[in-house]
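Read the single chain below, which is given as C-alpha cells and is the form predicted on its own.
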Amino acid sequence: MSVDTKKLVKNAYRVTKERYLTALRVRVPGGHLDTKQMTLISRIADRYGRGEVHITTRQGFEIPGIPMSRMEEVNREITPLLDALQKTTGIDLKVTFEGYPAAGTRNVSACIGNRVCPFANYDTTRLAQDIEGIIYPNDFHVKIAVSGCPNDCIKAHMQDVGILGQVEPLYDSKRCIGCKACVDNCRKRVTGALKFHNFTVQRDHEKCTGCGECILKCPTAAWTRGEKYYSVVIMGRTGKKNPRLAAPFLRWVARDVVLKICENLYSYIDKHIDRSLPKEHVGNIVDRTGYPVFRDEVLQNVDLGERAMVAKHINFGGYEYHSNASF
C-alpha cells in the first residue's frame, strides 16, 4: 500500500507507530461540542477505529486505529463536523467529502470562560471560535490559547500566543465600608495592587492584572465591572529546543486588537519562515528576526487604543538542554 504521508498529515491524520493504521484529529475550537457531534465521533470510533477516543492536550479529539485504506470513508462521515465548524467560526471551508483541509495550525484552546466560571471576564469559547475563523485553515505550526482571567487555567503561558481576559475595576468610595476584603485578597492571592489609605482603597494601575477578584470579594458592591480588556503573552513553548514560558507583550487591549494581531501573525510567519525546514516553530522565527521586527509587523495597522501597554523589550528566558545545571 502506497501512502502520501504529507497529504495524510495535512488532512488531519496522524502517522502512528502501527503500520497502515492512522488516527484522525478532530478540531474543537474553544473546547465546546454539542452532543450530536460527540455522538458522531463515537460512531466513527466504533465503526472505523478501536472504539476509543483520546482527548488531546489542545482540547481536540483523536480517533486511533483507523485503517489508512478507509480514510476516504471517514472523510465522508465527518462532513457534519466540518459543517458545524463553519457555522461556529464563519470559516468558508468549501466542504466536500475530502475531510479537513489543513492541520498545521493547532486547535485554538480555551478555559470554560464566563459561561460557567465566576472568575472569567469574558466568553472564551466565542473568542476562540472567532480566532479560529481568522487563522484556519493554515499549514503554519501555531498554538493559541485563551483564558478568561489571569488565573490562566488553560496554560496560555505555554503557547505561541496566550490571551488572558482583564476587566477594569471601578471603585465607588461612597459604598466602601473599609472592610479591606479586597485589599487582603489582592495581597494574598494576586499582586498586591490595592492598599487602604485615608479610609479609601487605592489601586496601583501598574500592578493591577485586571483579574476582577476585588469585585467578587466586595460585600457592598463598592467595586463594579468596567470595560473588558485583554492581555497577550507570546512565544511560550515546550519541546526539545529552549523550553520557556510566554512573556508579556500587550496589556489592556480591546478584542478587535486581539483578532487583528492573530491575523497579522500569519503574515509575519509567511514573510520570515525558513522554508528549507519541514516546519518551523514561530518562537524560533521570533528568535531569529528579533522582537522589534515581530512587534512592528504584528502591530501594523492596529489601533491599540489609549489604555494599551506594549512591551518595549522582551528578554525571553527558558533553558537549553546543554545548560550547566547540576544533576
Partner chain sequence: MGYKIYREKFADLFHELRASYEIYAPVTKKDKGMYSDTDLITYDKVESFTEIVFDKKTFFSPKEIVFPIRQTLFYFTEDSVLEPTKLEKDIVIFARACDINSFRSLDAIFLQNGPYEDPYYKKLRQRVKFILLPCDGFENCYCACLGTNITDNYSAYVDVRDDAVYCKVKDAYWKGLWSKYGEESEVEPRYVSKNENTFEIPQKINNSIFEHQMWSEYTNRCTGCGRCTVVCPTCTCFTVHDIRYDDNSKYGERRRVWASCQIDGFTEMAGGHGYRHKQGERTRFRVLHKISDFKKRFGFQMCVGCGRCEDACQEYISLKNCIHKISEIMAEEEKV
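Since the structure is predicted, the reported quantities are computational estimates derived from the model, not experimental observations. Numbering follows the first chain given and starts at 1.
One more form of this protein, predicted in complex with its partner chain, exists but is not displayed; see below.
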Contact test, all of Pro118, Asn198 and Arg225, partner its partner chain in the predicted complex, heavy atom 4.5 Å: yes
The one residue among Ala254, Ala102, Ile134, Leu216 placing a heavy atom within 4.5 Å of its partner chain in the predicted complex is Leu216
Looking at Val95, Cys153, Leu170, Ile112, which has any heavy atom no more than 4.5 Å from its partner chain in the predicted complex? Leu170
Does its partner chain get within 4.5 angstroms of any non-hydrogen atom of Met158 in the predicted complex? no
Would Tyr122 sit within 4.5 Å of its partner chain in the predicted complex, counting heavy atoms only? yes
With the partner left out here, check for me: in the predicted complex, does some heavy atom of Ile91 sit within 4.5 Å of its partner chain? no
Is there any non-hydrogen atom of Thr220 lying within 4.5 Å of its partner chain in the predicted complex? yes
176-184, 137-145, 236-244, 68-76: which one contacts its partner chain in the predicted complex at 4.5 Å, heavy atom to heavy atom? 176-184
Note that its partner chain is not shown here; using its position in the predicted complex, name the residues of 53-81 with a heavy atom within 4.5 Å of it, in sequence order. none
